[in-house]
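Here you get one chain, nothing else, as structure tokens; it is the form predicted alone.
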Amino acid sequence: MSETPIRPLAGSASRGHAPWVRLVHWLIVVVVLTLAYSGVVILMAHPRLYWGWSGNDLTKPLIELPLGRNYRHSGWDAAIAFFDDPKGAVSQVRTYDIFNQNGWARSLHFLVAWLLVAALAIFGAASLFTGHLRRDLLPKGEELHAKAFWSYVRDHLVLRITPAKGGPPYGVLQKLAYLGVVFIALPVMVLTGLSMSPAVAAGWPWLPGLFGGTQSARTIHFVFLCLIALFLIVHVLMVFLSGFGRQMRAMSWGK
């Protein structure tokens, strides 16, 4: 095996993005940004994350997020015990006005999420039937060779980016990132999102059980949102560094 790092972006002619790839790409962009916006609004109403099956204002959170005026709220009347057991359930009445105007965000989030499911299904099926997955997304053996792989990593860490040609072949880090987002991160977001639905959890309790409970699914959902946001930041940065105009033309009208 050659010891010279493989650099397909510099040494191969681009085939361009297939029309269906461009269409699904922009659909996923719009859907993910809409879901992120509505999801943050939903989170602002209760910026506390838990682990397990239950969690509320009177439960110690795993993480409390600095979002909105509900963050580290205060102002409760005296606790009211439901039972004689001192360790039993209690209730308290709020003495402050919380932010809870997120009904529109929940409706939008749920509806747009089905567009994400459709986009992932289209991308997955088309990738298999057209050979896009095998030809363009799965890393080749020589790309995963330690010396070649770490050469790519070093180049990206110092922002030594080869000008892109507007389409495949992709670099090995691109391939791994795309595979991770499309076939791992986004499906996990869909499954954890379904796990938070009371109707789904009641009908299929095994689904939230896969993640350790409804509240655990909510926490994992947020963690993967952060990972996708990190991917988007790096992705946009790479677009700028590798030739913004060329990349946008290639992903829009295919020139």
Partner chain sequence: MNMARNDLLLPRRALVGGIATLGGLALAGCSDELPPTYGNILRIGDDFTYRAQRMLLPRNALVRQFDHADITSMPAIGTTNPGNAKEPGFSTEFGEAYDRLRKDDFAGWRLEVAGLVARPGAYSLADLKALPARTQITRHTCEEGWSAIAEWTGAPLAALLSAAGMLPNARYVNFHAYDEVVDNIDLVDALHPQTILAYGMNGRDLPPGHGAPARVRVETQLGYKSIKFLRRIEVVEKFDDFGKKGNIQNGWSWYAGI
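Numbering follows the first chain given and starts at 1. Values in this document were obtained by computation on a predicted structure and should not be read as measured data.
The following text describes the form predicted together with the partner chain, which does not appear among the structures shown.
The partner chain in the model of the complex is approached by F110, whose closest heavy atom lies within 4.5 angstroms of it.
At the 4.5 Å threshold, heavy atoms of S151 stay clear of the partner chain in the model of the complex, well away from it. The partner chain is not drawn, but in the model of the complex it has a heavy atom within 4.5 Å of P198. Interface membership of L67, defined by any non-hydrogen atom within 4.5 Å of the partner chain in the model of the complex, is ruled out. For the three marked residues, G55, I98 and Q215, a heavy atom of each sits within 4.5 Å of the partner chain in the model of the complex. Here the chain stands by itself, but in the model of the complex one stretch of 22-30, 183-191, 203-211, 221-229, 203-211, has heavy atoms within 4.5 Å of the partner chain.
Contacts between 37-53 and the partner chain, taken as any heavy atom within 4.5 Å in the model of the complex, involve I42, A45, H46, W53.
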